[in-house]
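Only one chain is given next, in structure tokens, and it is the form predicted alone.
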């Protein structure tokens, strides 16, 4: 259920940067270690954005797999399971290379059409 608070944070961030313009698309990068359920995030984003500049906007979610590296032996691998031990040397001094991301990469906005001031 933490997707509700995450959605609120996304909408707040988008509003700060949209400068009052209508938002059509929000693109995110989300690491697999964040344990975000994509469908829940989209569901809550739709609810939280009601009545705000990103109401009706599409939430694009790009997921990044978790990659780690063993510091002592320098072996890197993709985490399939949350086991933070090196499969080669058994070491537990692990550096996370990717998978912790939770970033708004971009927002697409529409420019409001200026009212026509030409004489009729």
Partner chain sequence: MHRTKVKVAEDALDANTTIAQANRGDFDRDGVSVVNLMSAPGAGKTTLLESVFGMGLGDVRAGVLEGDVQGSMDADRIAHFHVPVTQINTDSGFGGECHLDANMVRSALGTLPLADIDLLVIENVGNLVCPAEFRVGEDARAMICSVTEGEDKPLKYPLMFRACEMVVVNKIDLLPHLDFDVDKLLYNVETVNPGAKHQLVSARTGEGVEAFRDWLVGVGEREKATA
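Numbering follows the first chain given and starts at 1. Predicted model only: the values in this text are computed from it and were never measured.
The following text describes the form predicted together with the partner chain, which does not appear among the structures shown.
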| Does residue 66 reach the partner chain in the predicted complex, with heavy atoms at most 4.5 Å apart? | no
| Just to confirm, residue 82 within 4.5 Å of the partner chain in the predicted complex by heavy atoms? | yes
| field | Partner proximity in the predicted complex: residue 78 to the partner chain, non-hydrogen atom cutoff 4.5 Å | value | no
| said: Residue-level question: is residue 33 within 4.5 Å of the partner chain in the predicted complex, judged on heavy atoms? | reply: yes
| task | May I ask you to list the residues of 51-80 that have any heavy atom within 4.5 angstroms of the partner chain in the predicted complex, in sequence order? | result | none
